[in-house]
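One chain comes next, on its own, written out as structure tokens in the form predicted on its own.
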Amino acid sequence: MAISLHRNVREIFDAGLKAADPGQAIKRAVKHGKDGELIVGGRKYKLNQFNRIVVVGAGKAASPMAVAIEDILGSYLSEGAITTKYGHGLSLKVISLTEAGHPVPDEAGLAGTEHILKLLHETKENDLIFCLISGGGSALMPLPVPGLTLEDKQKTTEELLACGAAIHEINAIRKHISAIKGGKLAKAAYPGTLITLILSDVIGDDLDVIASGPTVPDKSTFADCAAILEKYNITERVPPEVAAYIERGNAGLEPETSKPGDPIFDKAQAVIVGSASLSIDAAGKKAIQLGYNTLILSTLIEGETREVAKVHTAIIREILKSGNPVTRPACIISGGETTVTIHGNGLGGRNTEFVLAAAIEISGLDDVIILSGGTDGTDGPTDAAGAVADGTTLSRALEKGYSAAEYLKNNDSYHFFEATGDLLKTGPTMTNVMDLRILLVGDSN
């Protein structure tokens, strides 16, 4: 049973990845109609009525999205520029490509953003602009407001990641210290016609949170930013220029991000072409096909990783004890994005930390396996998507001298699973729809 559980859990994960293919998501959302019409999210656009068609964008999935839009637009496409993470680039015919740093922005990302802005500033009222946005787009389009530097943004991002802030909190601050996020990219494209195609990696698919909402109205405020810094007690830890800028903004002395009702959005359309729900549905169908009684727990899981792991393992114990909420053989699937508060100096991410915390809870249990992986193929600053653990993981680690509790305390989940051989490695998947967690409980026979 152990061998089949390991094989099955990976098959279910891979099915979820396949459903998140960015190119196919673009082609489902953008279709040719009659007489040169393009149909996007129910709206029709006459391509021959536009002088130029330009494509811009950023994110971990930007390359396959760009390949798809090039294929759809063909000779109608004039030029374009996108930015993606290092190692995620693909060959493009017309659109220029920049690879840059993620999750901490770098100079390459700054140069790519400046190129995108240059193209947008050259567009006119009768031009059509496609903006391709996916997870990671916020870090990959760094352009600080005047008076702040890229180093200020880098340090701020590092502090927000380390303190355990949620993605919507991180992006609220990113938007307010950026010259391009929080609807400001839409301002650069105005008065052209703007279509944003979005692959969501955000819980709830909030448009103004995905990649920090560069082309949509922003609901967050400077007051929110000040509250976030205070909540995590990092006002003194972020660069003083950033803290001062947010303080001035909160006092009404700096311009707010673009808000609902702004005329710059009158000719703008935003369409979510893919999200976690598609991946989780596909994973669930695969589990059923493999013979598991399957429950989709939620696509909206968030919170501290270790605590979320305890809740998931409690469900496993309940299945073993009472057959609730589903009988064996059972599969529980969840999605979302948890957070890690860093206390140690080890290496890892939220997925490997989830699995390590879960491994402690299921130690000694038979016919149980847990997988957690990032659909983008990377977990934090590592080359793994996540990890896999079963009831034997802790004992196998102890035989090699590795204490799960000590490695968890030091936030060193990557090295723990590297030693046990249980890292989940996919390589760059060219997509990103948050994390996918799969729990299997085998048949008792």
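Just count from 1 along the sequence shown to find any residue number. All values derive from a computational prediction rather than experimental measurement.
One more form of this protein should be noted, the form predicted together with a further copy of the same chain, which is absent from this view; the next part is about it.
The candidate spot formed by K18, D21 and R43 lies out of contact with a further copy of the same chain in the predicted bound form, as no residue has a heavy atom within 4.5 Å of it. Proximity to a further copy of the same chain in the predicted bound form, taken as a non-hydrogen atom within 4.5 angstroms, holds for one residue of E159, D281, E99, D262, which is D281. Only one of N126, T149, Q289, N324 lies close to a further copy of the same chain in the predicted bound form, with a heavy atom inside 4.5 Å, and it is N324. Partner contacts here mean any heavy atom within 4.5 Å of a further copy of the same chain in the predicted bound form, and among 324-332, 109-117, 366-374, 232-240 they occur only in 324-332. Remark: E318 counts among the residues lining a further copy of the same chain in the predicted bound form, judged by a heavy atom distance of 4.5 Å or less. Although the partner is absent here, E122 is not a contact residue: none of its heavy atoms lies within 4.5 angstroms of a further copy of the same chain in the predicted bound form. At a distance threshold of 4.5 angstroms between non-hydrogen atoms, A188 is out of contact with a further copy of the same chain in the predicted bound form. Although the partner is absent here, D205 is a contact residue: one of its heavy atoms lies within 4.5 angstroms of a further copy of the same chain in the predicted bound form. Scanning 285-311 for heavy atoms within 4.5 Å of a further copy of the same chain in the predicted bound form gives L295, I296, L297, S298, T299, L300, I301, E302, G303, E304, E307, V308, K310, V311 in sequence order.
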